[in-house]
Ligand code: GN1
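Given as C-alpha cells, the chain that follows is alone and in the form predicted on its own.
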C-alpha cells in the first residue's frame, strides 16, 4: 500500500525513519490501524492509527491520559533496571508541533506508536493458567499506576461505568419507549430495577470516597495483553479507555467475559454456566499483584464487582434495545434482547455462586 496520505502523516511526527511500506493491520472495529515497515531491517517498525473521534470525542484529552500513564510506567521500569523497556510499555511518538497526534484535512486524528515485535496475542482463554497470567498482567498494570492520582486524567468516555448514570439512561428509555417494546418486557425490566439499589452502591462508594478513585484500563480482554513466545506477559495495549475509575471495574468486567462458559449473546440460557476454575485462577493471579495496593473494602467487593458488571452490561444492551437498537451493532432482529437475557441470566448464576466466589477471594 503506497497511499501518499499515510506517508505524509508519518512525516509530520518528530522521528527520523525510512519507510519501506505501509499496510493495513488487525481487525479492530473502532480505530483504523496500519503497520509502518521501515528500513533497515533491524530498525523498529511503527503503527499509524486513526482514532475514532466519533466515539472518543476528546482525542487530545485521551492522548494526554495515555502519555501520563505510559511515561509513569516507563520511569518505574527504568528505575527498576528492567531490560527492553520499549517492549514492556507502549511508546507513542509526538508530532513536530508537540502534540501527540496529527490532524488530516478532514479533521481525523492520527497517532504513531512503536510496534512491539516478536510477540503474540491470545484471543480466548482456554486454561486456568492463561487466566492466571492475564490477571497478573492487569493487576501489575494497576499496581504500576496505583501511586498516580486518577484525578490527573479525564474521562475518555464520560460516565462509562457510572451505574447511577446508566440507570438514569435506562429509566429514560423506559419512559420514552421509542420502539414500543416496554410492555412486552416488563418482567426483564423489573429484574434490572429490583437490583438497582444494591448495584449503584459502587458508584456511591466512589462519590463519597469510601472507594478510591484509581486509574483503570476499562477493557480487560485477554487480547489487550501482548505475550512473548514463552507466554510471559510483556505489555498492556489498547490504552484508549484508560481513565479514572474503580479497580473493581477491571476485575469485574474480565470475569463477566472470562468467567462465563457461554458467549455474551448466548440464546440458550441453559448453557450459561459459571466457570469456577477460571474465576479462581484469575482471582489468584490478580491478587498476586493487586493485594499490595488494594484497600480491604476493594478486596471484599471483588465478587460483587462481577455481578455489578453483568448488571451494568445487561442494562446497556437493554437500553439500546428499548431505544430501537441505535448504539450496538446487531446481527439480527432482537439481538440486543438476546444479549440482555444472557447477561441477566449470568448475573443470576453469579448470585447463585456468591458464597463460592467470596470464599475464593478470602482464600487468595
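Just so we're clear, the structure is a prediction, and the values are computed from it rather than from any experiment. Positions refer to the first chain, counted from 1.
We do not show the form predicted together with the ligand, though everything after this point is about it.
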Interface residue in the model of the complex among 72, 195, 171, 221, criterion: non-hydrogen atom within 4.5 angstroms of the ligand: 221
Looking at 167, 95, 213, 157, which is the one with a non-hydrogen atom within 4.5 Å of the ligand in the model of the complex? 157
So, 241, 256 and 317: all three within 4.5 Å of the ligand in the model of the complex by heavy atoms, or not? yes
Name the stretch, out of 291 to 299, 36 to 44, 64 to 72, 326 to 334, where some heavy atom lies within 4.5 Å of the ligand in the model of the complex. 326 to 334
If we define contact as a non-hydrogen atom of the residue within 4.5 angstroms of the partner, is residue 305 a contact of the ligand in the model of the complex? no
The ligand contact at residue 228 in the model of the complex, heavy atom, 4.5 Å: no
If you check in the model of the complex, is residue 264 within 4.5 Å of the ligand, heavy atoms only? yes
Let me know which residues along 296 to 315 have a heavy atom within 4.5 Å of the ligand in the model of the complex, or say none if there are none. 313
